[in-house]
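So this first bit is one chain, no partners, the form predicted on its own, shown in structure tokens.
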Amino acid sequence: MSVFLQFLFSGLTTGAVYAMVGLGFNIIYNATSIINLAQGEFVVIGGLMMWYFSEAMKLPFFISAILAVASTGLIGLLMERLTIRPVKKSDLLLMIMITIAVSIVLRGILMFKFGKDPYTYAPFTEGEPIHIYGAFIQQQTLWVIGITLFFIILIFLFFNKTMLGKAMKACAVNPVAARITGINVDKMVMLSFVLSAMMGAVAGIAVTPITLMEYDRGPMLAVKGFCAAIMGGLGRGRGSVIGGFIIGILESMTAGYIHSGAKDAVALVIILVILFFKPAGIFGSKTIADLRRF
């Protein structure tokens, strides 16, 4: 039981990160219908920038966190302004390919700036791991899970209880009708990329003290976050969160009971199964209206 719980706690930690990456996918998808495959790079940038501000520049923790989130949000803004906006009336497949190109460029810049070494910094709170039935859970793990749950509630309230969130969803359902009603579609698209980048940065900041951060982790994070998003139903935030935790737990169990080298295949197998048997996702629907619900 203690071994099982240890794998479970590990899976919950990584699953929380995948859930936040999946939420980032859904923020952009709900506003633009674009699948941003550079979402994983935002997580990496957030973690590395936090290390830069807190360890290299020796700034206080909260200031470092604010600067890391803000700088990542700025990169999301530049990405939308420089690559998505000029071709926003083109085919969606072209825009998805552009996000892949942006991911490659960002990864090259990160390698040039930070090198290939892994980076880490002190956890948010110091203290001994918590002992539960023979298993140990780090205090930073509780921070990761708690931050994820906080953002689940925040994103739900944003898209369902605020005019700005509803306007962003309207832009994806029917941009022409949204413009007719007075919604500035360009600003909504820009805001979706900024919010998605900032959420990715928060995930990177939270998980780096546990798992370390390297320049090339973005693509795999994007794959697993995308898997979480489509598993729960693309466009449904709650579904992507559940999907993220399921993938994280399955990965941990696979690594613990089968082989550590097989854990990365879990997300790929899930993607294939979902696309073959239920393309709309476990909690999804084939209707546009339902796909836009949180």
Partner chain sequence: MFVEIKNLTVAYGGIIALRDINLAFEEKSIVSIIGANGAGKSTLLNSIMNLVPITTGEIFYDGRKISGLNSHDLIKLGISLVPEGRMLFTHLTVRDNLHLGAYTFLREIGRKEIRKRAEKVYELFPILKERKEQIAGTLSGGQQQMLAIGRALMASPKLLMLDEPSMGLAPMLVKDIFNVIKHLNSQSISILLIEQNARAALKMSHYAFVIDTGRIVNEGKGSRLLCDEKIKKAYLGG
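Quick caveat: nothing in here was measured; it's all calculated off a predicted structure. Residue numbers count along the first chain shown, from 1.
Heads up, the form predicted in complex with its partner chain isn't pictured, but that's what we're talking about next.
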Interface residue in the predicted complex among Ile210, Ile100, Ile132, Leu164, criterion: non-hydrogen atom within 4.5 angstroms of its partner chain: Leu164
By the heavy atom within 4.5 Å rule, which residue out of Ile137, Val202, Met188, Ile152 makes contact with its partner chain in the predicted complex? Met188
Is its partner chain in the predicted complex close enough to Val173, Arg179 and Asn184 that every residue in that trio has a heavy atom within 4.5 angstroms of it? yes
Please identify, from 92-100, 113-121, 155-163, 212-220, the stretch that has a heavy atom within 4.5 Å of its partner chain in the predicted complex. 155-163
Arg107: heavy atom within 4.5 Å of its partner chain in the predicted complex? no
